[in-house]
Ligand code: BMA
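In the form predicted alone, a lone chain appears below as structure tokens.
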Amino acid sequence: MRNEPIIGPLTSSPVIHRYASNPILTAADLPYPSTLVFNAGVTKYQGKYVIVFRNDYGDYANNHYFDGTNLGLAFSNDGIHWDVQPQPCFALSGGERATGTITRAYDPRLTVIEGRCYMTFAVDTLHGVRGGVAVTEDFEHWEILSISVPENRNMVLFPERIGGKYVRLERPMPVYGRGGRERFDIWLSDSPDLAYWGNSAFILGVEDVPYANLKIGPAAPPVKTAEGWLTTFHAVDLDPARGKNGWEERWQKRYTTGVMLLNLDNPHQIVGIYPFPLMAPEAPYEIGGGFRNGVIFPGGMILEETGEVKFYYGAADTVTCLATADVEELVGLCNGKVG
């Protein structure tokens, strides 16, 4: 196995502005058992901001495991202050869940397409990690449209059909194809109906990202701009010298965020990509006191009419935070017009 170079210190782009009162959602905000609230999907739907978040609960400090995971729901008028609903909003039941082969659903992403709200999510099963797609109109009743074969996850949907087809970014986990390593890339697939997926194609590899030496994958669902699909991705670097960096005995990874533009009509084509991290862990709630420190993972991105882009991200795999940037500056980063 080839030894990858160690990635040194990283900083966020100056176009990014963290919300001064971060985090915006924590375990203390939930009316039911909660330990970690992170990796949330966020969108605007029927005049309100909606967030569906991953909630891990249980006494990890004493038991060294969590009791379980569910998906919680909250609404907001401003995208900052949230009205958390009294119960989790999504759980798998019946079928494989009843036989024990599905263990949990987590890491939701939300996309509104043609007036309906779709959620992609990861599913842990005894046969590997799978990616699911579900749809709702009220966040109480969900129709599951598809669940992939193992191993695939980090799926995000584009907010409109392209060439008459639904499109998603995804991250297969081809261990054999990558020499037995955790070394994963970004792919794209399309579908006529959100149930059957194919025409899969490679988009971006670890080798193409200078600040990653382990794996990359989709982050928030893309948003449409005049110059292309503004698309975020997560990038992971590994440093064996990292020791105890959170609640676990050893956490050697760091998660940063990248940004690129994909062609509007042919999203297989990368129009431009920023060669440095858009966001790197720097704030106290990103680098300390969490379950896994040194982690930033955007799950939601909203382009406001003002041109402001809101990024919703999990920090240290523990809390949910907000950062903002101007859309023109983000596009400029991808096109090399903003430093």
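On a predicted model such as this, the values are computed, not experimentally measured, just so you know. The numbering used is simple: start at 1 and walk along the sequence shown.
Keep in mind that the form predicted in complex with the ligand is missing from the display, and what follows is about it.
In the predicted bound form, the ligand lies within 4.5 Å of some heavy atom of Lys215. By the criterion of a heavy atom within 4.5 Å, Asp237 is excluded from the residues contacting the ligand in the predicted bound form.
Contact between Arg183 and the ligand in the predicted bound form is not found at the 4.5 Å heavy atom cutoff. Of the heavy atoms in Arg153, some are within 4.5 Å of the ligand in the predicted bound form. Between 45 to 53, 280 to 288, 293 to 301, 59 to 67, the stretch whose residues reach within 4.5 angstroms of the ligand in the predicted bound form through a non-hydrogen atom is 293 to 301.
Screening Trp251, Phe90, Trp187, Phe158 for any heavy atom within 4.5 Å of the ligand in the predicted bound form leaves a single hit, Trp251. If you take 21 to 46 and check each residue for a heavy atom within 4.5 Å of the ligand in the predicted bound form, you get Phe38, Asn39, in sequence order.
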